[in-house]
Ligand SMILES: Nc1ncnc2c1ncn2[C@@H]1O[C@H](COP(=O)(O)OP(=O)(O)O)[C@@H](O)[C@H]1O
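Take a look at this single chain, the form predicted on its own, given in structure tokens.
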Amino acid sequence: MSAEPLLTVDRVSVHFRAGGNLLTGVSLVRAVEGVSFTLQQGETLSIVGESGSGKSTLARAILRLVPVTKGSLHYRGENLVTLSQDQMRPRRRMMQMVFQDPIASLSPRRTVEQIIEEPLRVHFPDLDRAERAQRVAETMDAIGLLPDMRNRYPHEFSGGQAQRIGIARALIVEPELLVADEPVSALDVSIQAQVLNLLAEIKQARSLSLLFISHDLSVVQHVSDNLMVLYLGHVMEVGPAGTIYSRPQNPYTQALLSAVPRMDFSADRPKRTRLTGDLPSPTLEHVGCPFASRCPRAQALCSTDKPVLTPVDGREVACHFPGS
């Protein structure tokens, strides 16, 4: 593993302006707030949290698909935030994305071959038609797509097959970083396992770095090296996945893990944590812990002082009162 991280995200914030009419005025939506982490070559970091936690926004900000309001994104030492969109184009070959909805992410007017081939036309314009066709065939074979599928259209495929097409399109330019944004949430459970196994095999074979976005902790448990838990754009807990799964320290992480379905009907099974209280507005700038209004462990300090990430039991936790 390289000593220098492949990707360094340093205090990244992403804010959006919303509203702007005569009645409500302009509001600032704080989608991501001060997120920092590093990703090594060949490592998988899973980013988890409820819907609206800022996971997908963070993923798109890393790829410069949405503007970064504050902070820096260093990819192999180069700050991507300072680059224009034209300067970003050659870097995008090394940073590819697999989207959540496999059908919606594919052009309905193009065949499978045309969809997978398109990145080669953008990033490798010197390749001739025969060379492109060969690369498409090799990539389809690696992803488990049959040769006779190349002239078919996306609507002719199941969700799992369509997601394989999306993965093939991302991998054909041989990226170093693959961002998978909820890649199995729209698929049946049996198909989810196939896609997860495929991503794990590809990662190992190509030494890919993987950012895996999910709201379901049971999905990412067996594919993650490290885990980062987001809540309203804030990092609540981050560290080795096995450590967090076995001994979660932040009350929000504990609530997420308690909601994972278990085939355990014994009397001593862990009790499910039910969150109460109102979800804070993403337009608020929190002076205390953003989770304080729903936290079963909250005290007065939590509403007035914002916790910072602090080393606790082999990971970092943003909580004044961590513990299992």
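So that there is no doubt, residue numbering starts at 1 and follows the sequence shown. Computed from a predicted model, the values in this text were never measured in an experiment.
Keep in mind that the form predicted together with the ligand is not shown, yet the notes after this line are about it.
Within 4.5 Å, heavy atoms only: does residue 31 come near the ligand in the model of the complex?
Within the cut-off, so yes.
Is there a non-hydrogen atom of residue 40 within 4.5 angstroms of a non-hydrogen atom of the ligand in the model of the complex?
Residue 40: no contact with the ligand in the model of the complex.
At 4.5 Å between heavy atoms, is residue 69 in contact with the ligand in the model of the complex?
Residue 69 lies outside the contact set for the ligand.
Is it the case that residue 57, even though its partner is missing from this view, gets within 4.5 Å of the ligand in the model of the complex, heavy atoms only?
It does: once the ligand is placed as it appears in the model of the complex, residue 57 has a heavy atom within 4.5 Å of it.
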